[in-house]
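Just one chain follows, in the form predicted on its own, and it is written as structure tokens.
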Amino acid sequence: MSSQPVSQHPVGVFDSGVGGLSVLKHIHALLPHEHLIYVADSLNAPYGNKSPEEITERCLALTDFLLAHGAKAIVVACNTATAAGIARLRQEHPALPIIGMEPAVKPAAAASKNGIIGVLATTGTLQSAQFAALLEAYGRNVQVVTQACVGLVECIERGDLDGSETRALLQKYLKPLLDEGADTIVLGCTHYPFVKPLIQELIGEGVTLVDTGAAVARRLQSQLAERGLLNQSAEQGKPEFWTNSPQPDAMEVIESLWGEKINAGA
């Protein structure tokens, strides 16, 4: 790739597993000419029960892998990894555009009619300083009910989006939010949009679901534009997918969630 202009280099995207594909879809839709490299660190999923130090080490290793493959920008498509590792990544790579995630507390607070919002997230995200800062900044005038969703990421990693175990977990985790009267629920993990249809079925039509994938895609677009890094080529961008999952059907799960035939990394 060294002979190509940097603008034609790929955007690197990583997550603890397959969840970041929900963000990748928004990026691909908004920036169809960008080449994308996606890495699912499924061998180490979920990140939510790991220490910040462990997660930061994974962030550094995955970023190094993507940079070795020519990435011109990095998207940390994981709320837990953003909270634990993005400050260190930016410190190590000050000239590199690095875009992260954060639970959509601000838009949820704005969307709520009764002032009660629920947040579904991993334990790591809910315990992070980043999340505490979000609550301090945007949660003062609303009641925020949080729920750690232990085990849900693992179900989605298996491609189980509406099976009995996934359904039972979601019923258990949604109940405290609904009991408190939440009319807006934040999907605070990039895996969770893949079970959005099931969540909507369980909560009914009167509750709004909010995630941040589209906002991240817009942020990436503005960062690339500011630096003159948007790919101006007329050709369609090619997403490439990598995973270290030990599951024999890992690529089939990725293909199913992506929704079309994929190009797997060698």
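Remember, predicted model here, so these are calculated numbers, not experimental data. The first residue of the shown sequence is 1; numbering continues from there.
Just so you know, the form predicted in complex with a small molecule exists too; it's not on screen, but the next bit is about it.
Within a 4.5 Å heavy atom cut-off, is Ala84 in contact with the small molecule in the predicted complex?
Output for Ala84 is no: heavy atoms all beyond 4.5 Å of the small molecule.
With the partner left out here, check for me: in the predicted complex, does some heavy atom of Val75 sit within 4.5 Å of the small molecule?
Taking the distances in the predicted complex, the answer for Val75 is no, it never comes within 4.5 Å of the small molecule.
When the contact criterion is heavy atoms within 4.5 Å, does Cys189 count as touching the small molecule in the predicted complex?
Contact check for Cys189: yes, within 4.5 Å of the small molecule in the predicted complex.
Any chance Val144 has a heavy atom within 4.5 Å of the small molecule in the predicted complex?
Result no; Val144 lies far from the small molecule in the predicted complex.
Which single stretch, out of 237-245, 47-55, 65-73, 28-36, brings residue heavy atoms within 4.5 Å of the small molecule in the predicted complex?
Careful reading of the contacts points to 47-55.
Of Ile99, Val195, Val105, Val153, which one comes within 4.5 Å of the small molecule in the predicted complex, counting heavy atoms only?
Checking each option against the small molecule in the predicted complex, the one that comes within 4.5 Å is Val153.
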